[in-house]
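Let's start with one chain on its own, the form predicted on its own, as structure tokens.
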């Protein structure tokens, strides 16, 4: 498949006549792990909601694997996985029951086999027969990732994936993202404000400020551009204070 995994051109969005995204242009190559940075209210989640077809953009276009998110919704959803900031599942059902239900909805053939294979890949087969209502935040997120990848999407969206996780859960998530990218070739779009995680896993970053994309470059180029900064937080503050 040719072309970028994600392409955004002149994207804008309004809520009740309030512009929350303004003329955003962004291209993400296949195989990238992209960190989308910005403070709460910057417009990150709105962007992810548009790219995952949950809302239609007010202005501009957004393409995933060459398919328009507004006019080719089914083609987009068939080829993406999405882990929201709050994982929602049926608490009275086991992990396997939840995942099989969602896999069948996605049209996965031999859904139970695909679920078992996915749980084994994520090293959480021990959770298969336990009810989701008894899970910790970290356990729920692991099953949420399983749900997002059970149909083997080529693009994976993660919305604030470290929220509520303890240090052990964050390390595990980091390994999972790197494994999915390396083993399955997934392009990963990670919406976050955790700069430390971006520095450890992302190949490219973008910074959104008050609905405008003010910076986009490789992680390597970013650290070269700010050689005298002692932390990514300092770099982020400097980015927010100056144009790209």
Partner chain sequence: MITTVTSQQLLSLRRQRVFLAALSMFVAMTAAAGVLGWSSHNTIVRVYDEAVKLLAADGQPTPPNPFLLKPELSLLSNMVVYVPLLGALLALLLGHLSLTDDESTGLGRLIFSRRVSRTGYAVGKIAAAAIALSVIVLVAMAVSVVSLMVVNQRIPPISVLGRLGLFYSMSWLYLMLFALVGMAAALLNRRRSLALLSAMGAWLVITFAIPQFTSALRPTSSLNPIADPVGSSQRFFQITALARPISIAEQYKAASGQILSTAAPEPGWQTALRVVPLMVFVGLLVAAVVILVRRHDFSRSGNGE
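Not measured: the values here are computed from a predicted model. Positions refer to the first chain, counted from 1.
Below, we refer to the form predicted in complex with its partner chain, which is not included among the displayed structures.
> Looking at 172, 125, 94, 162 here, can you tell me which has any non-hydrogen atom within 4.5 angstroms of its partner chain in the model of the complex?
Contact check passes for 94.
> Out of 219, 214, 54, 70, which one falls within 4.5 Å of its partner chain in the model of the complex, going by heavy atoms?
By the 4.5 Å heavy-atom cutoff, the listed residue in contact is 54.
> Please state whether every one of the three residues 9, 14 and 64 places a non-hydrogen atom within 4.5 angstroms of its partner chain in the model of the complex.
No, none of 9, 14 and 64 comes within 4.5 Å of its partner chain in the model of the complex.
> Heavy atoms within 4.5 Å of its partner chain in the model of the complex: which of the stretches 117-125, 146-154, 162-170, 133-141 has them?
In short, 146-154.
> So, in the model of the complex, is residue 110 in contact with its partner chain at a 4.5 angstroms heavy atom limit?
Looking in the model of the complex, residue contacts with its partner chain do not include residue 110, since no heavy atom lies within 4.5 Å.
> Would residue 199 sit within 4.5 Å of its partner chain in the model of the complex, counting heavy atoms only?
Residue-level check for residue 199: no, no contact with its partner chain.
> Tell me, yes or no, whether residue 49 is in contact with its partner chain in the model of the complex, where a contact means a heavy atom of each within 4.5 Å.
Yes - in the model of the complex, heavy atoms of residue 49 and its partner chain come within 4.5 Å of each other.
> So which residues in 77-107, when you check its partner chain in the model of the complex, have a heavy atom no farther than 4.5 Å from it?
Sequence-ordered list: 77, 78, 80, 82, 84, 88, 89, 90, 92, 93, 94, 97, 101, 102, 104, 105, 106, 107.
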